[in-house]
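What follows is a single chain, given as structure tokens, in the form predicted on its own.
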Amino acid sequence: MSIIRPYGDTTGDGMVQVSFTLPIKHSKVADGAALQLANKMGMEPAMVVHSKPMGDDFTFFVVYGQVNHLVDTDKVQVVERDFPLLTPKEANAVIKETLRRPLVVVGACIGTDAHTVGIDAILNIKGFAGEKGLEYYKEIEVVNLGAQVSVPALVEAAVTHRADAVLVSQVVTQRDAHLLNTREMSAAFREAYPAGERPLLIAGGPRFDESMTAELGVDRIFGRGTTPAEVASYLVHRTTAKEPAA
């Protein structure tokens, strides 16, 4: 079945729950404003099941209601994994046999972003979701520059360490900072490296659209829930397949 509807209390009833904040003091008028917005979003009937003041002039809402929209899963477009998922042992073996040297990865949070949870989950040996990070891989050399790294400093580190791949994590998204920073980063690497010789450029973070690689000038985007094994497998796939960076 390719046509589906939301499920709340019974199959296909179209019930959904959404949350949002409005710049209005918590009151009955605020609840009414939330319902008006829900109706304009296509939720009808709708009810405010939770509202709470967020400071003096803001209110947070949870609204539950019915929508009539249908979803056609045959028309959903996503970026599927197009490389085999390897264990650390398998990844190490391929790198050792093919590159015959360590695969060098430089990672950082660029710009003013100080949120290292994402990049550390991928790079640090403790890893994420029960998987060891890239530092655990014997044939991968990891250079973790940490937070608030400038783009020039990132390029310099990549050149110094002769990086095969550069991973940047972006959590801060106000005013599309993650997109602006990533574009700046990709432009700087293209300026610093001759055509076909730059390292792989990989961006990651919870608010990225994985289909925007060409628009942002990177080779791959990883979204929320990405595990170290996925990143390691992609790196092995690209660096040992003799495919030049785009």
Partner chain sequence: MRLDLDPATIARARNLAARAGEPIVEMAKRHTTVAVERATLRLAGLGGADPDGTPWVNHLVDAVRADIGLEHGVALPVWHALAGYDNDLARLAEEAAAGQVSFRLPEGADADLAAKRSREAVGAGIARLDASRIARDRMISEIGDAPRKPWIYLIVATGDIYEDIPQAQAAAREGADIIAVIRSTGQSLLDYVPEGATREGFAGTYATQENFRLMRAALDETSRELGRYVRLTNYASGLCMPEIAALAGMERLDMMLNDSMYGILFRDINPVRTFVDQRLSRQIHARAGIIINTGEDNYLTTADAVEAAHTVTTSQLLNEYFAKEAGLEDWQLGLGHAFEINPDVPDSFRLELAHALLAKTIFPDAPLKWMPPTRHMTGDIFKGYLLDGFFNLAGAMTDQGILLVGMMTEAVVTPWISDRDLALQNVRYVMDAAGRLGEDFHPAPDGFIANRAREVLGESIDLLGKIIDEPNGLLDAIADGTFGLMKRPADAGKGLEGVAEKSEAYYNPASSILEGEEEE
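Note that the rigid core is defined as the largest set of C-alphas that superpose within 1.5 Å between two forms. Numbering follows the first chain given and starts at 1. Fair warning: this is a prediction, and the values are worked out from it, not measured in the lab.
Separately, the form predicted in complex with the partner chain exists; it is not shown, and the next lines address it.
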{"query": "N92, S150, N124, T98 - the one with a heavy atom within 4.5 Å of the partner chain in the model of the complex", "finding": "N124"}
{"query": "Partner proximity in the model of the complex: E135 to the partner chain, non-hydrogen atom cutoff 4.5 Å", "finding": "yes"}
{"query": "4.5 Å heavy atom contact, K52 to the partner chain in the model of the complex", "finding": "yes"}
{"query": "Proximity of V117 to the partner chain in the model of the complex, heavy atoms at 4.5 Å", "finding": "yes"}
{"query": "F58: touches the partner chain in the model of the complex, heavy atom cutoff 4.5 angstroms", "finding": "yes"}
{"query": "Partner-proximal stretch of 25 to 33, 58 to 66, 215 to 223, 40 to 48 relative to the partner chain in the model of the complex, 4.5 angstroms, heavy atom", "finding": "58 to 66"}
{"query": "In the model of the complex, residues of 207 to 237 near the partner chain [heavy atom within 4.5 Å]", "finding": "none"}
{"query": "H50 C-alpha relocation of at least 2 Å between this form and the one not shown, rigid core basis", "finding": "yes"}
{"query": "Large Cα move at T59 between this form and the one not shown, threshold 2 Å, rigid core", "finding": "yes"}
{"query": "Core-aligned CA displacement of P23 at least 2 Å between this form and the one not shown", "finding": "yes"}
